[in-house]
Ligand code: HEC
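The chain below stands alone, shown as structure tokens; this is the form predicted on its own.
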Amino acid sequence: MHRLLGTAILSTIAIATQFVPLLAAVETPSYYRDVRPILQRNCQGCHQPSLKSSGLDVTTFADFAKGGRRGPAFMASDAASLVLKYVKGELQPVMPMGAPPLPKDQIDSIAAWIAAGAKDDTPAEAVDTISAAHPPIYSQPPVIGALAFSPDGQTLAVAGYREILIHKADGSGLVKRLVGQSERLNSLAFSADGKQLIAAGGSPARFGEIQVWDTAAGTLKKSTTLTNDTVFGGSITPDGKTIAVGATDNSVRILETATGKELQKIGNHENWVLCTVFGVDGKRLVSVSKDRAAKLSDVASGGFLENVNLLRGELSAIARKPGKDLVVVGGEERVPYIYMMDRPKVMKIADDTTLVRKLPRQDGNIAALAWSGGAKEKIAVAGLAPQVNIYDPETGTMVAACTGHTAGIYALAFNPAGDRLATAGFDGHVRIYSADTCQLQKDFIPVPLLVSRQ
């Protein structure tokens, strides 16, 4: 019996020892698994190829190791490495600058990785080779999630993979490529003076990002990373000083355009916030969400004012009438509703006293809305059906239908004059139509495609 028991114990020890190397491997600090996500979330907004603050780029191991103007960011096994001194507050300014200090567990992760030898364990297939000098290479057109005409009507911004492509407004040629870090860009918006272009997006399950580009120079002025997933529905106030985005943590984030500083985190929604729009004076904001609500909030305080709409289906899109506090919203119910932002009488619960007009039901869920300016205003509606319908907002009658897409349409933009409509979506084509008749004027692929040598 004792012999059997002893044999069993020895066998158990032998089996356990087989797992010791595996446990040690799991516990070994990893650059790719532990440190890289911290840098992406907190540091690459200022330290990336398009915006090398202090000469430092943290988007790849090699650039992070090279460091910036102060020297190498870290040295293997060196507890006094520069990166640790900055995040601990031993050197000024404390990093990340203008944001809350890193939590202790994140600082400990960086310190443990450096103490263990600061090795690069980035998989070969994960090495980032994209930069402004080496923009993305496309073998097929990407899904397009955002479009925006410049206020002067001269250019059209198109969201690609890791970049914004600036085209001539008539689609006759590519002007420039603005390469950033976000894999997906879900919305684009020019400031009223056309000097800045705002992009909101991120990399799924990794980080959200707001980019502010200088349109004349084609340079990145500011990048702010926030949340652990992509952000949606970016908008900018008429004065260009404030940006809003929706997030998957059910919040709306309000940021200062010049600094990227978060001014408000508005938590009025109960599900993902997919689109935002400021009122005419920029003091109020309407946001729409999968929780079915179009919520009116005070920008300065972040306070909830009221639900603009009667709750129906999940909402994914919103557009405001140029120069007026009227909005059109839509989503899974497939019906666009035009609402006043201000209720005629004070109500404690959401109702339809703000409803101006209900437009016809669409053939698919609504993914994008646009409200034109110009002498004769129009509302364009697009979504999972491969057709864009254009309506007269005054009467609710359909005036034209734009066809030609082969799948869902996720992006719409009227030019400033209101006589052209750009559309894009799943098939990767940008199509420009006459906004009055939906006659196709241009159909083009906005990205350079790799030419097959077969």
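From a predicted model like this one, the values you see are computed outputs, not experimental measurements. The first residue of the sequence shown is number 1, and the count goes up from there.
Omitted from view is the form predicted together with the named molecule, to which the following refers.
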* Using a 4.5 Å heavy atom cut-off, state whether N389 contacts the named molecule in the model of the complex. => no
* Asked: Quick one: does Y86 come within 4.5 Å of the named molecule in the model of the complex, counting heavy atoms only?
  -> yes
* To do: Answer with yes or no whether G145 is in contact with the named molecule in the model of the complex, where contact means some heavy atom within 4.5 Å.
  => no
* Though only this chain appears here, would P96 touch the named molecule in the model of the complex if you measure heavy atom gaps against 4.5 Å? -> yes
* Where, among 379-387, 86-94, 153-161, 248-256, do residues come within 4.5 Å of the named molecule in the model of the complex by heavy atom distance? -> 86-94
* Identify which of H405, H47, R420, R36 has a heavy atom within 4.5 Å of the named molecule in the model of the complex; exactly one of them does. => H47
* Asked: Here the chain is shown alone; which of G267, G303, G71, P360 has a heavy atom within 4.5 Å of the named molecule in the model of the complex?
  -> G71
* To do: Run the contact test on C43, S54 and L102 with a 4.5 Å heavy atom cut-off to the named molecule in the model of the complex and return yes or no.
  => yes
* Residue by residue through 165-183, tell me which have a non-hydrogen atom within 4.5 angstroms of the named molecule in the model of the complex. => none
